[in-house]
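As structure tokens, one chain now follows by itself in the form predicted on its own.
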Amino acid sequence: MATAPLLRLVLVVSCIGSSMAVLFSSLPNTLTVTASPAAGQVLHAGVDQIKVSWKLNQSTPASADSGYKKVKVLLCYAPVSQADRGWRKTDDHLKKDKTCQFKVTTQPYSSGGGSFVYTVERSVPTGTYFVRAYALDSSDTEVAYGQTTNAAKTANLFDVVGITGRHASLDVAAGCFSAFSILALVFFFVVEKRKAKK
């Protein structure tokens, strides 16, 4: 009988948690976000940079940003890079959403806007991306957003070429060691045949 109160407690906690969840569809698009890569441009991880800028939409009333305390900027997968990859899946519930996995920056919000220069991290895999910014309130909860692409996430996308870990020098070394191993095999085979004849 002691399990009944425990089950009620778990049910109440899960209901409270789900009612406080932030849904992407509930957020207003009040930020204008721009990024330096042109549509279709190819960037290289660990080398190239992205300049990201954000400001309040001109069509949004000036008082709408009174609760904005920070701006969190993220690098996000475009739908073409999410296809057949469950670990990059878009979910309306922001805690479960896997679209934006790479943090660019978090900065204090300024009504005049802001900008940041981001060097694409070496850990960013090859794919097609866009940039999204969330406005956060004093409890670091997302209250608004803006992104460099349209709602369907089909415009102003750019590509990142990730680091594969293979270089020409590695291929040359592998070829040399393979050739050496074959020559060593032939050499020892000939030596063993000569010993067997004696």
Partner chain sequence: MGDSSKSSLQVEPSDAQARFKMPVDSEQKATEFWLFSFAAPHMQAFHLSWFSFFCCFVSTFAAPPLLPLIRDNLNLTTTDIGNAGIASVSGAVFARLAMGTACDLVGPRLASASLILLTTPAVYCTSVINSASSYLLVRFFTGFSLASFVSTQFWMSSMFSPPKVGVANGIAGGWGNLGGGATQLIMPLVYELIHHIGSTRFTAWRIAFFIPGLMQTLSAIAVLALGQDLPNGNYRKLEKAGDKHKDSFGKVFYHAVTNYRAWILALTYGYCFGVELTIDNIVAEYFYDKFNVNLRTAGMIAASFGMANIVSRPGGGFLSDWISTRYGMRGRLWSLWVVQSIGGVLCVVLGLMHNLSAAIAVMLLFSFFVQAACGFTFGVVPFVSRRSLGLISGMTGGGGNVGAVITQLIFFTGSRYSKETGITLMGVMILCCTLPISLIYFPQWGGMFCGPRADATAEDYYAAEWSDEEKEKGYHSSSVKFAENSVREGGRRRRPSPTVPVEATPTHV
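Positions refer to the first chain, counted from 1. On a predicted model such as this, the values are computed, not experimentally measured, just so you know.
Omitted here: the form predicted in complex with the partner chain. The next part is about that form.
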- request: From the candidate stretches 167 to 175, 147 to 155, 132 to 140, 66 to 74, select the single one in contact with the partner chain in the model of the complex, where contact means a heavy atom within 4.5 Å.
  value: 167 to 175
query: Which of these residues, 113, 108, 125, 79, gets a heavy atom within 4.5 Å of the partner chain in the model of the complex?
result: 125
query: Looking in the model of the complex, any heavy atom of residue 21 within 4.5 Å of the partner chain?
result: no
field: the partner chain contact in the model of the complex: residue 163, any heavy atom under 4.5 Å
entry: yes
query: Heavy atoms within 4.5 Å of the partner chain in the model of the complex: does residue 85 have any?
result: yes
query: Even though the partner chain is not shown here, does residue 98 get within 4.5 Å of it in the model of the complex, heavy atoms only?
result: yes
statement: When the partner chain is considered in the model of the complex, the residues of 172 to 190 having a heavy atom within 4.5 Å of it are 173, 174, 177, 178, 180, 181, 182, 184, 185, 188, 189
